[in-house]
Structure formats: structure tokens, C-alpha cells
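Below you'll find only one chain, the form predicted on its own, shown as C-alpha cells.
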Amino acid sequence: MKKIKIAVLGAGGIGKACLDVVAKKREMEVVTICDSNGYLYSPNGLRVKDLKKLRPSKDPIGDIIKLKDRYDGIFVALPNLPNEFIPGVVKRFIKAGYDGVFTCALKRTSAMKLMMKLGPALKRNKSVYIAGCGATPGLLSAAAVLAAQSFTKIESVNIWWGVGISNWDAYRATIREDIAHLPGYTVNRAKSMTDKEVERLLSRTNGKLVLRNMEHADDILLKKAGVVDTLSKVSVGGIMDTRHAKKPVSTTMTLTGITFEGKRSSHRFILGDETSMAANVIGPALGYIKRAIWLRKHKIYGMFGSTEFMPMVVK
């Protein structure tokens, strides 16, 4: 069986966890990975223990681009700060003529809008990009598409997530992205915060971040799929506990609508409390890579959202 070879952009908490997840798969292997300081390549596959061998580089992304003929797909696990960062990285791959597939766990609506503009260029390269393939957007927004089928009118989609990690240091970029959603904070302010400033903020909140009405791309992706007609019908929020691995609340997606009989009801999708943020992000992202490869095989190219297709199972 020929394995699907993938590149991982980003070796932080999500990138490292991706190596662990893929190590348990028969159909897929990570052959190259990079962070801001270096990159690593092995045609025989990589494990977390190999990260200590990262080769220092002035342009790690450029080094991954040079290897573009040696992998089938890319999982973008880079920080979404600032909004232009990930779209800028993708433009480099487009310019280099990369004709494979991408998935990402992009979250912010404004960043997603920038990504959608890359559709025509990706199509010209015969590439496929499925965006927003993590937990939310991704797993939960895809579940909302299925839930919507029971109704003739959708009134609201509410996503309320809970994440627990024992040490914020393992997910620095993710925490900063969440801080950017707090009242009084911006993407640029969160990006510029030092580790000590983050620690002081977490000390004031007992290690918890409570986020409401987040600028989350679930809204634009659910509108794109026809689930809602206005972005205001989608709300996303949650609680991040940076001091305990146990989730502070269960993660739920609740879709409320009117059936053809005129009855109001709700479907609720609840994630198991034992599943980690990494498990709920990486699993869908890998499944969408396999789907993107399927799309490309069938000559369907361009930019899509996770609400437009079902992910495939990576064995």
C-alpha cells in the first residue's frame, strides 16, 4: 500500500501531536515538518523524537517548498497571527507551482475571507485547499451541516467548547489566538505579548479564558454551505483552562430549527470529554487531506471549506 506522504507546517503543540497521530496510521506518514527556526525531512517518515534533529534554516517554509515533489499534501498548523500570515504562506506555494493539496485549522472569519480569495490561483495550479478543518470550524461545523437536514428553517447554530491543557506553554500560539478574542485585545496585541505578559493575564483569570461571540469562521463556512442565511445566526464561544487537562465544560454544537411540520427543535452534538483538543483538530484535518486528494484525483480543484465535503477516514 502506497502511503500518503504529508508535510506539516508548524511544530508547536498541534504540529507535534500530528506526528503522534500519524504514527498510528497505516495509510499516511509525515515526511517533512518545519517551525520558525528549521526543518526536517525523511522519506521514511518522522516521529516526535526526530524533532530534536531539526536543521537550522533562515527560511524553513522555503525549504519545505523546495521539497514540493516529495509529498502529497500539507497540513498547515501555523499560528493564525496575524490574519495575513497563513494566506501569505499559501501564496508562496502557489507561486512555486505546488499542485498538491492543503488543509488547515484556520479559525478567524477575517482570515478565512483572505483565504477564499486564493481560490482562482489554486485552481490554476490544479491544487485543492480545504480550510477550517480542525474542531471548530471543522468537526463541529460539519456536524451542523448534517444536523440541518432535519429542518426546513435554521434559527441558530451555537458552538460552546471546552478545552483543558495542563500547561499553556505547550500551545503558545493557540492561547494567543484565543486571547485575541478577549474584549480589549486585538490580533496584533495578542501576537506582540511576551510570555510573561501572557502568564500575568492567566494569573488574573486563574488560568481560564472565557470567550464569547468569537470571530470564528464557522459562520462564513456554514453560510457558504447554505445552512444559515446570515452570519449572525452562528455563535461560537468557550472556556480554555490552561492549568488542568480536564475540560472545564463539555464541547457542544446545538442547532435549532423548524421542521416541515412547524415544530421547533434542536439537535445537539457533544464531544467526549476525554478527547483532547489535539485529537479533535488533527483527526478531522487528516481526514480532509484524504478527501482533498480524492477531489484532486477527480479533477476538482480550488478553495473549499470543511462544510462542503465530508472528511474521509484515514486508517
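Note that this is a predicted model, so its numbers are computed, not measured. Don't overthink the numbering: it's just position in the shown sequence, from 1.
Beyond the structure shown, there is the form predicted in complex with a further copy of the same chain, which is absent from this document and is the topic of what follows.
At the 4.5 Å threshold, heavy atoms of A225 reach a further copy of the same chain in the predicted bound form. Taking the partner from the other structure, a further copy of the same chain in the predicted bound form has a heavy atom within 4.5 Å of a heavy atom of L295. Looking at F269, you'd find a heavy atom of it within 4.5 angstroms of a further copy of the same chain in the predicted bound form. Of the heavy atoms in L139, some are within 4.5 Å of a further copy of the same chain in the predicted bound form. Within 4.5 Å of a further copy of the same chain in the predicted bound form, a heavy atom is found for all three of V145, F260 and E308. Segments offered: 33 to 41, 272 to 280, 64 to 72, 49 to 57. Contacting a further copy of the same chain in the predicted bound form at heavy atom distances within 4.5 Å is 272 to 280. Taking a further copy of the same chain as positioned in the predicted bound form, the residues of 149 to 164 that bring a heavy atom within 4.5 Å of it are, in sequence order, Q149, S150, F151, T152.
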